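Heads up, the chain below is alone and in the form predicted on its own; it's given as structure tokens.
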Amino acid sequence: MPKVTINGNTIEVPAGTSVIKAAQLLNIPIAHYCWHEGLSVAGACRMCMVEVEKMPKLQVACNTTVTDGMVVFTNTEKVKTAVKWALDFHLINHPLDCPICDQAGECKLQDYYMSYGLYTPEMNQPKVKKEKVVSLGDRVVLDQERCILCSRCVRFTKEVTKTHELGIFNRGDRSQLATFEGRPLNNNYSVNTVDICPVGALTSKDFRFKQRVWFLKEFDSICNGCSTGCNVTISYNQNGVFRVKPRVNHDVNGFWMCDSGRDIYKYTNKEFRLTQVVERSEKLGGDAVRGKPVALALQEIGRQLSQVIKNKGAQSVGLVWSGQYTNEEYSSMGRFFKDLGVSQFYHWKNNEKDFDSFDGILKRGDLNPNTAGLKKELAGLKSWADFEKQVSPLEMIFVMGPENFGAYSDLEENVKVIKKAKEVVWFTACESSLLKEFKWLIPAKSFVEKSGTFVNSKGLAQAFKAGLTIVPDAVSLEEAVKGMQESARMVS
């Protein structure tokens, strides 16, 4: 393995490693726009200039391979001057609209100007005007004036999605990014082009103008949109969650995530949530009472459970599980009911026809984050078909319903089946008119509000931490067990 010394720091790297990657491993910043670790090398921006000992000219770090004994400098005056002039050329036609740009605060043009610029522009030609607010597809907007033609997005659609919607057209200072005619940017990974855009040229229609990034905080989590378990970063403030972005994990999702996974944050915010306990005076159609303290509701449910088991037997109680809760919740709730003698456990799969499908990149048909964890913690689950046959005699069922209702296209149909039970306790993060007739609705914590473990489709267990509280009265299944078990002890 060759050794390279960068600014006096020596590191051993695998053969074929580029200088810019070696510097990254040493936490030595090198200015760059077009280079991205997940894409091919373009060498287009000429920002990553470095000085290499015994080489007469500066070299681009992205396309210079480390050789044994190489000595590199990234901070000499010659390098700083080269980067300054490269930056000047990138800014020739760039509009001065930082105050209204959605990328402000996360823009590499701003960052590099502060590091290498702080100069007076020496170009006296008027800026070339190009189209603004160009809709490239359902999710992405382009400002052609801001684009620095780094080609990251073009390479993404060529190399990752292989859908080839984007290209750079025309020549010279008239060059511009655009989609090919009749081919809008509508693949399910389109917003990754926004993530990798180093400036404010590509913006997300969903996040655009919603928040300034300096008003947001972040924490790491795991996407609950499907069984891939993409590593993500959640951006939020006191008003809720505003976006989900991919976090690099080479063993799971690499650098990317799908567009539908980015929508998971919507189901965590208050406008979509069940925020209070709902209790109905009768099983179906009774008056709804809201606002009972969740602790009192769980105690009452525990007492009702104990009476049902005492009078009708443990086999008159059933549990319906979706794959959207954590290993810890499955273990806690499962152990509680097994100790009471309950064994009627059913697996509610979403969209069974597409359950085992895969799009070849990241997205899986199993739109649950923890089906594998559910099967591990609660072995021997009965199928939904079994539940349909056995639901009517059940006196009481507990439904650990989906957190993301949008992932369950068969929700309405399956709710009709669940209504056949005599009494239903439904744990749900989301509010829905489909649930308006059930006896008990208990607000459940969303994945951003609890800590736990998801096991993805490859069997990889991934732990995550709670990041914020959105619904104060919501409970995890572990907390629900603690609330029920005191009043249910009389059974044992």
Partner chain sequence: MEVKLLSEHYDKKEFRHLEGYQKLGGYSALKKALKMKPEEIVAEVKNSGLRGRGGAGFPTGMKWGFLPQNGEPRFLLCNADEGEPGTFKDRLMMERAPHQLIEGMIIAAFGIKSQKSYIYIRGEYYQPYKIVEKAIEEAYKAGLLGKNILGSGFDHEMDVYRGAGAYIVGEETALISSLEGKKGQPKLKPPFPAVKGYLEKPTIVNNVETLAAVPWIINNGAQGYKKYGTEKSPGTKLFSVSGNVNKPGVYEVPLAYSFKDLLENECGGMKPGFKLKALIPGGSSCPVLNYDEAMKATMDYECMSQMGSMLGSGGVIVIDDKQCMVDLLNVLMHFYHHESCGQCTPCREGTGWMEKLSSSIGAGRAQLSDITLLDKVARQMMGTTICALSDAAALPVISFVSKFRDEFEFHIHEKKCKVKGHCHAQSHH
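Here the structure is a predicted model, which means the values were calculated and not measured. Residue numbers count along the first chain shown, from 1.
The same protein also has a form predicted together with its partner chain, omitted here; what follows describes it.
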**OP:** May I ask you to state whether Leu118 is within 4.5 Å of its partner chain in the predicted bound form, using heavy atom distances?
**Re:** no
Original post:
Would Met123 count as touching its partner chain in the predicted bound form under a 4.5 Å heavy atom rule?
Top reply: yes
Subject >> Residue contact check: Met49 to its partner chain in the predicted bound form, 4.5 Å heavy atom >> reply: yes
**OP:** Evaluate Met70 for contact with its partner chain in the predicted bound form, applying a 4.5 angstroms cut-off between non-hydrogen atoms, and reply yes or no.
**Re:** no
Subject >> Contact residue in the predicted bound form, from Ile28, Leu460, Ala466, Val41 (heavy atom within 4.5 Å of its partner chain) >> reply: Val41
**OP:** Taking 4.5 Å between heavy atoms as the contact cutoff, choose which of Phe355, Phe215, Phe169, Trp384 touches its partner chain in the predicted bound form.
**Re:** Phe169
**OP:** Tell me, please, which stretch of 393-401, 188-196, 84-92, 249-257 lies within 4.5 angstroms of its partner chain in the predicted bound form when heavy atoms are compared?
**Re:** 84-92
Original post:
Going by heavy atoms, what in 171-209 lies within 4.5 angstroms of its partner chain in the predicted bound form?
Top reply: Arg171, Gly172, Asp173, Arg174, Ser175
